[in-house]
Every structure is written in C-alpha cells, then in structure tokens.
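Only one chain is included here, represented as structure tokens and corresponding to the form predicted on its own.
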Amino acid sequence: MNKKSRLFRLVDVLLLSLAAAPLVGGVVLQVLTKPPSQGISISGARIHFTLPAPLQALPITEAQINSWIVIVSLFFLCLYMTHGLAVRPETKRQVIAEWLIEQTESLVANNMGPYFKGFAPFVAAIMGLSAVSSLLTLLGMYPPTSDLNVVGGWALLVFFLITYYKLKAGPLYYLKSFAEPVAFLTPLNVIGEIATPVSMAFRHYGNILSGSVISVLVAAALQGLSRMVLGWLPGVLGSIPFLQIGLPAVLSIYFDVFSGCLQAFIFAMLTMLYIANGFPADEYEKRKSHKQNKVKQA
C-alpha cells in the first residue's frame, strides 16, 4: 500500500510537471525571442519561422505555438484530474472533475437537448481552450485569442458542424431553407449563413484584443502621468512609475480574467445555440422513420 501510494504520488508529480512544462517553456521562449520595445508597442503575433509549402510559405507564429502549449498543458491537466478515479470520490480533484462534467452536461442538455448529449466534451474543450488561451496574458505571453486566424479557425469548425447538422434532413431541405419565409429573401439568407462564422470570430477576437489594447494604453498613460507629476522626486524615486501601481492590475483582473472567461463562455453558448437551432429535428425524424419503413417493406 505504501509503495502504491508512493507510485501514485510520483505519477501525480509527473503529470503536473508535464502540464506546467509547456507554460514554463512558453515564458522562456517569450523572454528569449521578444525584442526590446520603447514606449507603447501594440502588434500582432510574431512570426518565429516559416515552412515551405506548395502555394506559399507557411508562417509559424507565436499564436500557433501558444495554442499548442495550451492544448498540451490541458491534456496533461486532464490526465492529472482523472488519475486514480474511484467509484466513490477519494480526492478533491475527482470531486472537482465530476462537478465540471456535471455542469457541462447540464449546460449542453439545457441548451441543445437530449440529441446532443454527446457534445459535452466538445463544449468543455472549447471553453477550456479559449479561457486558458486568454489567460496566457497573465504570464506575459501572447494570447492566441488575440489572433484572428486562430479564432477564425474555431469559428470555421463550428460552421462546418452547423452545416453538417442542417444537412441531416437532406441536401434538398437544406437548400429550400434559404428560401424561407419567402423566396426573394434567399440572398439575405445566404449572406446570413456566411456571416455566422465571421461574426463569431470577430466578436471573440475583438473583445480580447480590445482589452489588451486598453490595458497597454492605460499603463503607458499612467507611466507618463507619473513622470510628469512625481518626476521632481530626488534620485531613483523620480523614475519609478508610482501611478502604475494598482490600476493596471485591476484592469488585468477584468480584461484578462473576467472578460477572457466570459468570452469563452459566450463562444461556447453561441456554438451550442447555432448547432441546436440549425438542426431540423422534426424533419430528421420524419426522414429517419421513412427510411425505416422502406427497409421494412423491402
């Protein structure tokens, strides 16, 4: 039992280390590769290197690398949370893991219905990936959610799922839906269909990026104001930006923590609602029963 307990703890330490290692590596990479900046610096994701491709070179940016850092960290964190599961919870992490699963399944059931109960892992992955990506700013790393390419890829994946479930009632029914409620609204319905992933991507990307921009501008303004008001202090005291103490941290709590987690929840909610509302359940059941009747008659 003692050996088992030691082995159990050793695996726990290993999993936690593997979950933290990508984040530590990301911070080190950020420190080693980020060039020194003077004054206000607001830019997109830096390109680390490019890979040759048939059409054009494929740039590998810090947004892509940080996305993989988040994915690997969440993978090992999930392994840690599910390590040593028992019929009756014996650890606090199992209680937390079960609570998270129950809440996600309840959220999916309430917003999508029983047909989509298997979507709980997908929705949890979206929320976890989005929230942790936004929280990377707390470590001084570039958040992948501030890159339109990353969030646009998520939105396209959701759009493919929406289209897939709309096609469950057949391609003809899907095409006829563009002419509802009247035929002359077809162009507007087509534009609205295309606008779905665009609006999802820009909403998420815009909220995260705007928070980062506001935080940088406020911090720079406080630094200049501190130099103007308190620059008369003797020696080193005059160069210390005292007015930067406190307020940037409060803004970080809102823009980085609260807003980042809120946008992750909103993106997941929109995903659930768009997929569930686009699925023609009644027509799908009619088509399914019609196929079953044909099989029985044959």
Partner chain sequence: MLELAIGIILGSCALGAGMAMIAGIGPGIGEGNAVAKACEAIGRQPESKGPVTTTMLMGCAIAETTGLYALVIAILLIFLAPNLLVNILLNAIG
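Predicted model, so just to flag it, every value in this text is computed and none were measured. Positions refer to the first chain, counted from 1.
Beyond the structure shown, there is the form predicted in complex with its partner chain, which is absent from this document and is the topic of what follows.
Screening Lys168, Arg93, Arg227, Arg203 for any heavy atom within 4.5 Å of its partner chain in the predicted complex leaves a single hit, Arg203.
Shown without its partner, this chain lists Leu209, Leu222, Leu161, Leu135 as candidates; in the predicted complex, only Leu209 has a non-hydrogen atom within 4.5 angstroms of its partner chain. Within 4.5 Å of its partner chain in the predicted complex, a heavy atom is found for every one of Leu262, Leu270 and Leu273. Its partner chain is not shown here, and in the predicted complex it never comes within 4.5 Å of any heavy atom of Ser106. Among residues of the shown chain, Ser199 is one whose heavy atoms approach its partner chain to within 4.5 Å in the predicted complex. When its partner chain is considered in the predicted complex, Ile266 lines it closely, a heavy atom lying within 4.5 Å. From the list 137 to 145, 181 to 189, 209 to 217, 168 to 176, the contact stretch for its partner chain in the predicted complex under a 4.5 Å heavy atom rule is 209 to 217.
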